[in-house]
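Shown here is one chain on its own, the form predicted on its own, set out as structure tokens.
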């Protein structure tokens, strides 16, 4: 029963994800065709003659019909060839992949840091509902939820880099194609910013779910049977509260795929977000298309993993009783 549920879920989500990515590819391609300005003009500059502009458009196949350009681009992606950058005429993938690795590192460390802390804080607030600690953490979470990413980032820079303390570098000094581990200190402020951004949503969800579970009838039965409080909370309550929380975690980190653009720009972090801003500025259409499609792939993958983990950690779903 369980294996069948998981298999059907995987097949259904993968097919839905592929359809979503196809639609995203169409939207991205169409949107980039209507970006203001001229790609050839952006490459050659304002001093380019009409003859040179026309020659470059022909060389880059910019004059071909849109369906032909889309088909060429899509088949190239499927074969592992994303084309060349309009800005420097170099293959795109070797330029983008180091940035993808840096952004993935940033998000992975954020997950490792923020999720356990938020879940632990949510459990503590739920267990001590209506206490001073619960009120303090709830108010702090609401304050963080109200603050945009750039406000948190600028506040951390002022606190730890420029005004109060001078402990951490305010911007990245790593070349775009280098690993961020050549200077690990540049990870601290971006990770802390993203962790503070996602903390309130995970905290509030796990707190609400835990309170609901702790006040349920079967938890009361466990107390009457004399089960220890720690066992009730961690063994019986937490698995049932994690299901909806995992969905929020997935949506939060899928949102970060877009929010990371702002954070990377502020800190000068050599990731995919900063690369996307540079590509938009230079009107480098192939780079924009690949970058947005990679972000969409990340979003779809995160949601698929969240659905699978939700089934695995939720007893009611794991046993298949949800069909009854």
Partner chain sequence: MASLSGSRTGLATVGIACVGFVAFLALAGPFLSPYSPEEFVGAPFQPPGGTLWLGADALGRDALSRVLSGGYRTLGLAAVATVLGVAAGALLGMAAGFLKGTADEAIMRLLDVALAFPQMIFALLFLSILGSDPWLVVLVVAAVHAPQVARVARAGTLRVAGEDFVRHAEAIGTPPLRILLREILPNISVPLLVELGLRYTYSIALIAGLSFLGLGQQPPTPDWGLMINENRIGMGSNPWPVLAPVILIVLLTIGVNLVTDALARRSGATAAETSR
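If you're wondering where the values come from, they're calculated on a predicted model, not measured in any experiment. Positions refer to the first chain, counted from 1.
FYI, the form predicted in complex with the partner chain isn't displayed, but the following is about it.
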Counting only non-hydrogen atoms and a 4.5 Å threshold, tell me whether 16, 265 and 277 all contact the partner chain in the predicted complex. yes
Does at least one non-hydrogen atom of residue 287 fall within 4.5 angstroms of the partner chain in the predicted complex? no
Applying a 4.5 Å heavy atom distance criterion, does residue 145 contact the partner chain in the predicted complex? yes
So in the predicted complex, does any heavy atom of residue 27 sit within 4.5 Å of the partner chain? yes
Using the partner position in the predicted complex, report whether residue 258 sits within 4.5 Å of the partner chain, counting heavy atoms only. yes
Only one of 133 to 141, 101 to 109, 117 to 125, 80 to 88 sits within 4.5 Å of the partner chain in the predicted complex by heavy atom distance, namely 133 to 141
Within 4.5 Å of the partner chain in the predicted complex: residues from 274 to 304 (heavy atom criterion): 276, 277, 280, 283, 288, 292, 295, 296, 299, 300
